[in-house]
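Below you will find one chain, with nothing else, as structure tokens; this is the form predicted on its own, and questions on how it binds or moves follow later.
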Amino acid sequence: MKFHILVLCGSLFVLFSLTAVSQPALTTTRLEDAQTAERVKAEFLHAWSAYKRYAWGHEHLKPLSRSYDDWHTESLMTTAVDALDTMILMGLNEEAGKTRDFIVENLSFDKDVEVKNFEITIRLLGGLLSGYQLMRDDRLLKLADDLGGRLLPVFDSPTGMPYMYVNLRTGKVREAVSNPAEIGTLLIEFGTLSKLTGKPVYYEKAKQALVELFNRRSSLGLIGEQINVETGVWVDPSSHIGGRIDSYYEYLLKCWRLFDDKDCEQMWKESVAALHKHLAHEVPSGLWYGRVDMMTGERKKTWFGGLEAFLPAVLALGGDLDRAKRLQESSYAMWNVAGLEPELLDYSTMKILNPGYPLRPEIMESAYYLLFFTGDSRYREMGRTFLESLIKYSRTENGYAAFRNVETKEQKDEMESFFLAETLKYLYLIFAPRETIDLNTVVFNTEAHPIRRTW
């Protein structure tokens, strides 16, 4: 039997769905999961409280020096916007309401600052849109529309693919040499803004950028690492699934699912087939996806890292559970080399190449997707490993610290907004009730902001 209760917290209405069961009916496993979810929530509050104490209104917390870091001469409150929907999903409604009020009363994009279009889109535009859908506060959509309009000049290149930087006040753009991730990871946010505001230009510009990039793939169906958006000429032909490329593939699939866009469906199917044919690499340590030349398919590097760990989630979402499970086991082996995930690993030798770890979420994201689609408790076991490692090595008196070196466990004075927006959110969802989010109807942008097809 289920009861639906509408609770008013501040000005936020929240619908709870409660299953009526007697206490003895709860299994030990379910009780442990609930307790672990509460533990993750407590760790979120620990990190969030430190941010509020030492960095409130600024971009990011510096937990070791008890200070803050701003990307620009004026803050855009990235952590507050990025963390808003995590609070809502965790049921921290009073805190979410206060944060929402602070954002709408203080955040302005009328600033003479140059921003990186990609980062601002996935963190701020995505965060405002998901916050609007969850809280139904028109002020958040108004902010999103204002931001979207200020970002549009990036698309004014000869190819329609965006420049990397834009001044929010003047519209001046720069940096023509970009990459597939920054070109192709915009349609979820701009497309959603288009649907919610009724302004086609947002969808059209982001969709054109994605298509123009896809049309410049090689005869093998692969894309490279860097391209000039003015000439359309590839600058770096290295093809892989890591940084500068990763979320391009993610958005092909997700934009098909979110918008029922048939062009995205076709682009996804062709692209993932090329990945399996040319990048997939079976070695004694497992299934990996390495680095090849986009033109010839020649294997160049046996490298895999924290950003590459997103792919099992995307494969699971696309229905390829076999490859997703095998690749997640490889990612988990990478985590366990040092008890924390390195930024880069040579999977042919299992030697760490870059020992940094900025608290990335991708391996947790993939564990959550696989748990959702398979129900296999193996992925909760992984989640507990991730959580215990973070608490043991990364937790500080004032939040969580990134790592310079996962082998020595040397910390770095940095806690980026995605730790609250993504890492702790996915860890929470691993242990929260399955119905908290339905991945069949909700699409997460690459910053873990949930978007629903409400239009």
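Numbering starts at 1 and runs along the sequence shown. Just so you know, these numbers come straight off a predicted model, no measurement behind them.
Not on display, but discussed next: the form predicted together with ligand DMJ.
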| property | result |
| --- | --- |
| Partner-facing stretch of 417-425, 382-390, 44-52, 404-412, counted where any non-hydrogen atom is within 4.5 angstroms of ligand DMJ in the predicted bound form | 417-425 |
| Contact label in the predicted bound form: residue 247 to ligand DMJ, heavy atom within 4.5 Å | yes |
| Contact flag, residue 362 vs ligand DMJ in the predicted bound form, heavy atom cut 4.5 Å | yes |
| Close approach of residue 122 to ligand DMJ in the predicted bound form, 4.5 Å, heavy atom | yes |
| Residue contact check: residue 267 to ligand DMJ in the predicted bound form, 4.5 Å heavy atom | no |
| The unique member of 292, 222, 307, 314 whose heavy atoms fall within 4.5 Å of ligand DMJ in the predicted bound form | 307 |
| Residues in 124-161 close to ligand DMJ in the predicted bound form, defined by a heavy atom within 4.5 Å, in order | none |
